[in-house]
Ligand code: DGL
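Just one chain follows, in the form predicted alone, and it is written as structure tokens.
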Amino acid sequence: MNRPSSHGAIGVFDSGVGGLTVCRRIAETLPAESIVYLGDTARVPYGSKSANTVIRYATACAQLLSRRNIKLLVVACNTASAFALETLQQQLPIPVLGVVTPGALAACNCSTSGRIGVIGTRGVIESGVYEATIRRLWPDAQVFGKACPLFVPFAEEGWTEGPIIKDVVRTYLDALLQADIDTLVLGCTHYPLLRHVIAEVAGSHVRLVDSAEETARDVVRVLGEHDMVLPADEQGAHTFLVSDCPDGFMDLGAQFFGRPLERVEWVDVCDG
């Protein structure tokens, strides 16, 4: 097994645009590193798919990115992290990171009461992956999950503030706040776009944990452990790939990445 080159890119994939919030944090934290991002937009969303289907899709994405000379892979999708991370770690000869463990670890470090809320897609919440990971780190913690399916279309429409979205957030968070949580994990990569209104509804006594930020810190740690961090004076290139509709992704992706996407390339993500 050959050691990956330090000059390889960081590979990142998600089912759509949401993973660009992770990509953005990595780019801000490690500006010298090149990043290759793949949005599997032809098969979005993963959250409503079975575990076996998600594993198959994630494997295809990982194989495609592996052919792009990546040195580390980030599974920037909570659903794929829940169902496919272990499989990808066994298959690939490079470090493979997900977004669940960094978020769960940060939640345990933030909470003082051990009463932790998690919001995400139905697939992630029903999988129980955050609860299992948090309980493994803190056996006495109490974890309260809530699926918030309307957050994704709101984020993609750019509806990140105003009375309508605030009412929706309040409706979703009500049970969690009634449970007296002191920490809330944003368990979907779309949710950082709604962070302001979520924080307003949750109140100052609830700490928000953004898995995108925590995953970027994990990338720094793992690259350092493998002696693969590039000198700070280099400037990384950013490549964006999609499996469907590059034009639509370019416009929407700029909201998630925080800057214009210069070029988006269509690729064929096959299952074979």
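Note that the coordinates shown come from a computational prediction; the quantities given were computed from them, not determined experimentally. One-based numbering along the sequence shown.
What comes next is about the form predicted together with ligand DGL, which is not displayed.
> Taking heavy atoms and a 4.5 Å cut-off, does residue 44 contact ligand DGL in the model of the complex?
Yes, residue 44 lies within 4.5 Å of ligand DGL in the model of the complex.
> Even though the partner isn't displayed, in the model of the complex is residue 106 close enough to ligand DGL, meaning a heavy atom within 4.5 Å?
Outside the cut-off, so no.
> Should residue 143 be counted as a contact of ligand DGL in the model of the complex, where contact means heavy atoms within 4.5 Å?
Judged by the heavy-atom cut-off of 4.5 Å, residue 143 is well away from ligand DGL in the model of the complex.
> Using 4.5 Å between non-hydrogen atoms, is residue 152 touching ligand DGL in the model of the complex?
Residue 152 belongs to the contact set for ligand DGL.
> From the candidate stretches 106 to 114, 186 to 194, 83 to 91, 132 to 140, select the single one in contact with ligand DGL in the model of the complex, where contact means a heavy atom within 4.5 Å.
Among the listed stretches, the partner-contacting one is 186 to 194.
> Given a 4.5 Å distance limit between heavy atoms, list every residue of 69 to 97 close to ligand DGL in the model of the complex, or none if there are none.
Stretch hits, in order: 77, 78, 79.
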